Every structure is written in C-alpha cells, then in structure tokens.
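Quick heads-up: it's one chain on its own, the form predicted on its own, in structure tokens.
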C-alpha cells in the first residue's frame, strides 16, 4: 500500500458557496412574506421555469430535507412524527416526511422560524416512485394549484421518432404550467429572460462535467462530503444564472489548481471507493471514519448526476452524450423553441436510458474513477434509488470491485439505520481487504 502523504487544504470557494445558499434561503423567506411574490414547491426538471416570472421562487424537498437531517436529528424526528401521526408511514421518503412535518408544525427550524407555505406545486418528475406524490400534501393542506409535469421513459431500441415526440410532450407540459400560472396569478412570463439563459446552461454543464472528470485524479482533489456541499448549486438550489456560471468557473479553477499541485481531500489516500445514491445525511461522519483507513469517496452517480446523460469515453474518462444543438446562425425566437432546446440539451434527446442507467452506469462509473470498493445503501423508502441495486453489486464484484451493502429507511430518515452496526461492518469490510486504521 502507498505510504505517500499528500498536502491538504480547505477550499477557498467555500465562503462563496455559503453566501449563494444563504441568498437562496433569504429569497424563499422574502417570497413567503411578500404579497407580490410566489413560492412554488417542486421542480419541473430540465428547465428553470421560474426564470421568466419575477418574484417566483422554486423550492425542492430534497436539499431541504437533507439539510434538516444533517443539522438537527431531534428536530427532523419531531417533523417526521408530525407527519406520521397524520397517517404517513416510514415507507414514505424521508425528505418528504421532514418537509411535510414542518408544514404541519408551522415552522421549519428548531428556532421556530415560520414555515414558508407554498402557493403552487409542480412536483419534480423523476423515475423515483415518490417524487410525483410530493405535491399532494401541499395541495391537501391548503387549496393551491398543483400541476403534473411528467418525465416519460421507454424501453427497447432507441427510436428517434419517439424521442422527438417525447421532447414535444415535455414542451407541452411546461407550456401548460406557464400558461396556468399566468392565468391564475395574473403574472406575465418574460420569454427574453428564458432566451438569455440558453447560452449559460450548457456552459455550466461543461464546467460540472470538468469537476467530475477531475475527481478521477490521484490523489482525489475533493471527497464526496465536500462535493455534496456544492452540487445542488445549479439545479435544485436556484440562483441567478450569471452568478451560477461565475461560481462554477471559479470552482473549476480551484479544483484544477488542487489537481496540478497534488492537493488531496485525504492526506493518506490509499483506497478509493464510490457510492451509488444518497448518503445518510444524519451520519456523514462515516466519511471521516473511513479516512482513518486512508480511504476517500470519489463520488456517486447521485453526486455526479449533473453530468447526465453520462457516457464512458474511449480514453476511460467520463463525459456527456453529444447534445443536439441549434443549427449555427439559427436564432431561437419562440418560447416553444427555447424549451425544446433546453430539453434536448438536458437529455441529449434520450428518453430511453433506464436500461443503461440500471445495468451499466455503475460499472462504467467504477472504471472511470479507478475505485477499489463500493458502499451501496439499500434504502427501504426509496424504491427508485434501490431498484436493481443488488444486481449492480454483483456486476461490480465480477469486475473486481469489493462491495458492501447496508440498510436504512432513507437518507433523510435516521429511524432505521443502526449506526453502530454500520461502523462494525465498515471495519470488517476494510480488514477483509488487508487494511487497518492508520496511526
């Protein structure tokens, strides 16, 4: 095993990331208190439809529920209990139960800050089975508009004609949402603002892909725990598009500098492992525990999801599928064309990716990042995350990657994770590979 000791340093961009996240939260609070603003639950996926509406802020359950679990286990338990006593069981996503519980309690933090109630709901369309359900309780709690914006997928051979039809279906879904917001709330959508972000979004995607590619270096410039602090700052955490682009440019520059100067996430790196989907947010210290073995987590398809549609390049690096571009010289002039461009850029005109996603993305990820092991949770309240997980573990084992499974309720729910057993499993697993804790 390598005895190399690498230099480590804190990230200089950390302060800027916290500032952007604080501004996002401030906008939510101001929208909730303002009669002239709207606070929307959910995310349509692929397009920030709030860009064209002044004063409309989109809030998604995933990052909020995760932060609750990480910051205060006692408060997130209180929130989930408020949801449970109203009939929602623990098989429901922990993110949802955390956020719904806050709705019922009327406050969203231990200090009693008022819960920012939503004025409309557009649940995030996603293969995860519980995403579409998330808007239901918002609507049941108070009579607010709720719009479905689904994300169709199909199996079988790739069919360009079918792909084009599904792009059109998505465009019509978002057009319906925009038109209904205009009709119900009397707000006009500014198409020019939508047009202005068309150039920014692809450039951000290139930068996000670059971060993912840099994670393949030895030593890894970041660990997954650090990466999780940044990766929502372009999709789930809505910020000004130009600020978003500037942030990711600076982030790439700093990570590239760390790679060039061999600045490591873990000074004693000698073992690289990957995850498959979200970590237990209430127990992120297990990343630090693994560092005692000189082990670094280089990411997961969840943390790198902004790279999707994912592909393994011929040189062994990761990249994105070639995107369908607007022909050179052709200017986008309509809302419909703008939405088509965004969905084609977001998906590469590929709605048939479930087979690849389930069968091959895990093994390709392991190859690209040169991993020795994989720690893969089996979340009982996240069927979309856990489907085919055991089969994926077998494929990794066949290619020489050591696999450890553990069970729990859901990343945002501590209830059913035995943390002591989890640490014991990690010790046994690492020792079975000939690794002991470093002095």
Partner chain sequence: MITAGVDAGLRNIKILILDGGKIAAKGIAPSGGAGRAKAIEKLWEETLSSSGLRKGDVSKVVATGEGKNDVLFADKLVTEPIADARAAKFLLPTAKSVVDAGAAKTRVVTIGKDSNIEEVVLNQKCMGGLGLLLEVIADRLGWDLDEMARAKAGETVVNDGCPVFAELDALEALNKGASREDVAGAVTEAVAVRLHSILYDKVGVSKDATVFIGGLAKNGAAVNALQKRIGANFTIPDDPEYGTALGAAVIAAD
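Only a predicted model underlies this, so the values are computations on that prediction, with no experimental measurement involved. Numbering follows the first chain given and starts at 1.
Just so you know, the form predicted in complex with the partner chain exists too; it's not on screen, but the next bit is about it.
S.K.: In the model of the complex, is there a heavy atom of the partner chain that lies within 4.5 Å of any heavy atom of residue 30, even though the partner is absent here?
M.R.: Answer no; every heavy atom of residue 30 is more than 4.5 Å from the partner chain in the model of the complex.
S.K.: Indicate whether residue 372 is a 4.5 Å heavy atom neighbour of the partner chain in the model of the complex.
M.R.: The answer is no: residue 372 has no heavy atom within 4.5 Å of the partner chain.
S.K.: I'd like to check something about residue 403: if you look in the model of the complex, is any of its heavy atoms closer than or equal to 4.5 Å to a heavy atom of the partner chain?
M.R.: Residue 403 belongs to the contact set for the partner chain.
S.K.: Should residue 18 be counted as a contact of the partner chain in the model of the complex, where contact means heavy atoms within 4.5 Å?
M.R.: Residue 18: no, not in contact with the partner chain in the model of the complex.
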